[in-house]
Each structure stands twice: as C-alpha cells, then as structure tokens.
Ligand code: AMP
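Given next, in structure tokens, is a single chain: the form predicted on its own.
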C-alpha cells in the first residue's frame, strides 16, 4: 500500500505594503549616521545631514527685475513726463542716492538707488539725447514698487532653506549656493555589495556557450544602485558552490551596508545562496502578492542587510524600484517615501487581471494617456526600456480603455 505525503500548508502571501513596512523596520536600525563635508559643487544626489541656513538676505538689496529707469513714482504724474538722467547703474555697481525729479538708467539685477521706488521698463520709455546722460520720456504712469525685487523677499538671513534629510537636486544646490553655502554636511553614501550566482552566466564579450546567458542583471542592478547614489562593490559572478557563495557573502559584508543579489534563493540543488546566507547570518523568504516580483529574501549577514531579488530581469528591476529603493531611502534618512502615483487615462484594455497586485509597463502617449507594452512577461527586458512608467493595478481589477489608473513614472522611482 502506497503512502501519501501531505504537503505543508503554504504561508499566505504578504501584501506589498506589509512587506515594505517590515523592510523599513528592519532597515531603520541600520540607518547611516556618519557624515562628511563636501563641496556644494560635488553634492548632487547626496542627502543632507544638517540643515542649511541662509547667511544673508536674498536678494541682499532692493534690485530691478528689468532693464529700464529707476525713479520716484510721484515724479511722473502723467504719461509723457520727461526726467533728466542723473546716473547709469549696471549690475554690480552701487549707485548714488537718486535726486528728486531725476531718473537713473538701470539694468537687470542692479541695486535700486536710495530714493527711487519704481522701475519703468525701457520699452515704455524713450531716451532723449541731451547734455550729459540726456533725459528720458516716461510714457506710462508708474506704480510705486513696480519691477522692484525687495531685499529678503526670497530668503531672510537665518532662514532654513534646506532641511536635513533632503536629497540634493540641481535646484537645491543652486539655492544653497545663493545663500552662501560653499560646503554641505551630508550623510556618507550607502555601501552596497552586489554579486551574481550561476554557472550559466557569462559577461558580454565572452563566448556564449550552449545553455549560457549574458548577465544582464549585473549591469542593471549596478546602474540602479549608482543612480540611487550608492557606492557599489561589484563582486562579479560567484560559482555555484556553497563554499564560494559563503566566501562571497563574508567579503560582501565587510564594510557594506547592504548585500544585493538576484536569483538563486530557492531550494534547488544548485541554489546555494539560501543555505549560505543561513550559515553566515539570518534570512527570511517572503512571497509578495505582486506581479512581477513575487519572491523576495530579506536578512542579515554580519552587520550588513541582505536582500535577494528574483532572477527574471523584469522582476528584479521592478522589485528593486519598489522594495530596494525604499530601504536605501531609510538607510540615508531621506525625507518622504516613494513618489505619489499620478491619475492618468488607460488607452488599453486589461481584461484578465492577476489575483496579485500588478505593475504593468506602460508609456505616456501624445494624447496624455497610457499605452501598454504588448508583452508583460517578466523576462522581456525590452519592456523596461520602452516604458516610462508602471501602472499600479490592484489585485483582480480589470482595466477598460478610458479608465483612470495609477501611474508611477520610472524616472522618479529610479532616482528619488
């Protein structure tokens, strides 16, 4: 009589939100605290450790936003009034106090002289040739304050202009420079070790033997980490042996904040990553209710966090954006979570949704709607280049053409 084996019940799938909460909690204890001072020139993409306060008023003095003539509004009671030009003030030159009944020729950015309370743009004036600097005919009746940027109207001395935790964008660097910050105190970059496992993997340029594939995930994950502002330790391709995998993990854990791998975390005879991590540290294997990207491993090796992504390239790509990028934000203490989805129109039908939450590769079209890449397989890497975003589609929800869907732009997911 044959004996029937009863399989162990499967653990329920984790929701993505629950997985992100666990990841955030696990990463919080590893939050970076070490800082360094860097030149504002070289701080793009870094995360501020200390707030930036203004050293001065911006602008530092009343100045003109137009080329024209600085004058007293009360001196031009009617259009066509003429005033002698008493001085010429280019940007960078401090003029003399303006005498009543005169005007100053002035250029954009120059300080408005004491006594003037308005600027009339040159297009509304006519220069009159005469002795000295001549005169000006003002063809409009000006209002006091027009075209004058007041001292401190943008920033006052002592104001906080950038807060700790802000990621430094090009415009943030411009703002820091505008208030006199030559250097900025930032958190050090996260150090991430990445390697691939699999004897079937070869590098581009090497002969592609039968059964071999080029290692696309190595390039993709390295690029994603660099775009996220990380220092990357690339350990290459590790042979499919337990001893080699354990040695790679020990090397990766030395001085790294995070170890990142793709594929190999299963129970197959040639999948040594799972027993290696368990031997060197701790590991949780999660099944996430999302598509693509169902399997995800999270744990620790030494003092470093460990994350194992699915091996299929699209699954690895999407899981990085949705799971690894938030962990990197927590490590850096950056403000905010992921980007908020945009409500946009679907220009496609999706009649057979999955029971899991789906992330569909789409592209914004000229009409402001979203087109769907025709092949949503997790192995079709061309879809990630064609697409400029993902539709975050709830589990079991069909989409009909014209429906409003939640759109996540790839550029904000990759670089935020």
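Residue numbers count along the first chain shown, from 1. Here the structure is a predicted model, which is why all the values come from computation and not from measurement.
Below, we turn to the form predicted together with the named molecule, even though it does not appear here.
- Contact annotation: of the candidates 154, 206, 200, 231, the single residue with a non-hydrogen atom within 4.5 angstroms of the named molecule in the model of the complex is 200.
- None of 129, 144, 213, 77 but one reaches within 4.5 angstroms of the named molecule in the model of the complex through a heavy atom, and that residue is 213.
- Of the candidate stretches 87-95, 303-311, 281-289, 339-347, only 303-311 has residues with heavy atoms within 4.5 Å of the named molecule in the model of the complex.
- By the criterion of a heavy atom within 4.5 Å, residue 217 is counted among the residues contacting the named molecule in the model of the complex.
- Shown alone here, residue 271 lies within 4.5 Å of the named molecule in the model of the complex, counting heavy atoms only.
- In the model of the complex, the named molecule lies farther than 4.5 Å from every heavy atom of residue 102.
- Within 4.5 Å of some heavy atom of the named molecule in the model of the complex lies at least one heavy atom of residue 196.
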